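Just one chain is shown here, as structure tokens, and it is the form predicted on its own.
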Amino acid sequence: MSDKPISLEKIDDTKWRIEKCRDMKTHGIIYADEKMIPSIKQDDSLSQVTNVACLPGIVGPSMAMPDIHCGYGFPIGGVAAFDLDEGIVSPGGVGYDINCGVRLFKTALQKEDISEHLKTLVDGLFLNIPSGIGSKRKDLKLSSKELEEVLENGAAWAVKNGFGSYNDILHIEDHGKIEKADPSLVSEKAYKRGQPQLGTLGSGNHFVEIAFIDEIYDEETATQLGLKQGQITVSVHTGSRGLGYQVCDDSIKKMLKAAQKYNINLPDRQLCCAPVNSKEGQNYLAAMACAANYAFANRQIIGHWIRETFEQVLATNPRDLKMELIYDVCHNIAKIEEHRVEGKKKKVCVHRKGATRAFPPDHSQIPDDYKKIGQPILIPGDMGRYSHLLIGTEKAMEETFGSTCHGAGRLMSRNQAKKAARGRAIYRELEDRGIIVSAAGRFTLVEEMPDAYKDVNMVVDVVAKAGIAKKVARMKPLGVIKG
């Protein structure tokens, strides 16, 4: 692509267009408001949107959500769909942390019920859920055979082994299991990285957050979900840990060769790919499914330990606590889905890289008890402001292949955050806001400080105004554990 600055044409208050030019096979669409555009232009994410538009078999526009920032190959916040016969699948369109995602629990507790116990709850969660770079568990050692079962069965393996209940499975995207996973395609190195890390949070932007509902936008939908003002919720944000990273790393090496083999002209080597229906493409999807299933199991196990921690600290029982799973969503995934393209139903390979599925009411792939309202969408913000619960819409199906944003999106790199935090006590700043934080290291707090992220309220307002999600409730953090 050209080194010239990319020109954005304003379509309306929430959408911007990058015109198709040169090697682009389609145009680009950026969901953002006027205030966001200057920061979006500061990195190479717009160039990445145009590069994705150059890939073979792309169907519809190359898209980015308002939490867009620069990623590996695809921008984070990127969405693109590809024809199954002429299109490709790319590890860069999924990312290194395969099925990094979020799950949200509701409880029977109100804010005042835990105010005296908050510090003990945060300490208990930090003790019971290993976090930080390379974090491992000492009491959950998997054999190769057991890990193979995890890769095949996902969250169901965790439930079968005593972590949570079958009711949880009903409220996980794809019931916590991506089909056609093939553990034989996962390398020995990935196995070795994954065996000690199941049930761990990891580092960076991963977290467990205790929050309360401070705003309800849609009373009817909130009531159907069992949510009310002041209610305590708990969310988990983590993914496939070292195993997923290794699966991606192994796949990129194979895809670089595949791109040459199939004469695919790459605008960026980070977009290495293979035809969806090639052996290499199908092998990647099968290995990716293994890592995705590992992530589902990981969040299921962590969720079980969250319940146990609350029960122990509050001296209560499951019946009174009523910590129930609202939903668990994927952020980094590629899926074969049926969508309407140019008026006809068609199966395509949808890449969501730092983007969330947003299916509407009555869609066949959402839980029966959500059919009337649509799929819950979980949008975490930074640890100092808010998180949001949204619902999928029909307009998302029409415009974005059933996709919306996934979080706040970074404003600063980690190095920039470190420079900006010099002389500041981030822990104390959060405490002054009434938020108790435990982290594996000081630099994690600095790198993940609220200023490093966009205001999630602005991000959510864009997708809601655009109609590709509907606002239901907002949650304000009280206690956070970070890697």
Partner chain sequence: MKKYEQTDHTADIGLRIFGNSLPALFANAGYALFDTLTDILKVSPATKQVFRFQRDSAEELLVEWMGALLYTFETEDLLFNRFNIISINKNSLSAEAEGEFFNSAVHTIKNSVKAVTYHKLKIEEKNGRWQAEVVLDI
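Please read these numbers as outputs of a predicted model, since none were measured by experiment. Positions refer to the first chain, counted from 1.
Separately, the form predicted in complex with the partner chain exists; it is not shown, and the next lines address it.
Item to check | Partner-facing stretch of 158-166, 184-192, 85-93, 354-362, counted where any non-hydrogen atom is within 4.5 angstroms of the partner chain in the model of the complex | outcome: It is the stretch 184-192.
Checklist entry - Though only this chain appears here, would residue 380 touch the partner chain in the model of the complex if you measure heavy atom gaps against 4.5 Å? => result No, residue 380 stays farther than 4.5 Å from the partner chain in the model of the complex.
Checklist entry - Should residue 212 be counted as a contact of the partner chain in the model of the complex, where contact means heavy atoms within 4.5 Å? => result Close contact is absent here: in the model of the complex, residue 212 is far from the partner chain, nothing within 4.5 Å, heavy atoms only.
Checklist entry - So, in the model of the complex, is residue 199 in contact with the partner chain at a 4.5 angstroms heavy atom limit? => result No, residue 199 stays farther than 4.5 Å from the partner chain in the model of the complex.
Next on the checklist: in the model of the complex, is there a heavy atom of the partner chain that lies within 4.5 Å of any heavy atom of residue 268, even though the partner is absent here?
Outcome noted: Because a heavy atom of residue 268 falls inside 4.5 Å of the partner chain in the model of the complex, the answer is yes.
Checklist entry - Using a 4.5 Å cut on heavy atoms, which of 123, 398, 249, 218 is close to the partner chain in the model of the complex? => result Of 123, 398, 249, 218, the residue with a heavy atom within 4.5 Å of the partner chain in the model of the complex is 249.
Next on the checklist: To verify the annotation, which of these, 33, 44, 429, 455, has a non-hydrogen atom within 4.5 Å of the partner chain in the model of the complex?
Outcome noted: Spelling it out, the residue with a heavy atom inside the cut-off is 44.
Next on the checklist: Suppose contact means any heavy atom within 4.5 Å; which members of 408-432 contact the partner chain in the model of the complex?
Outcome noted: Counting only heavy atoms within 4.5 Å of the partner chain in the model of the complex, the contacting residues of 408-432 are 410, 411, 412, 413, 414, 415, 416, 418.
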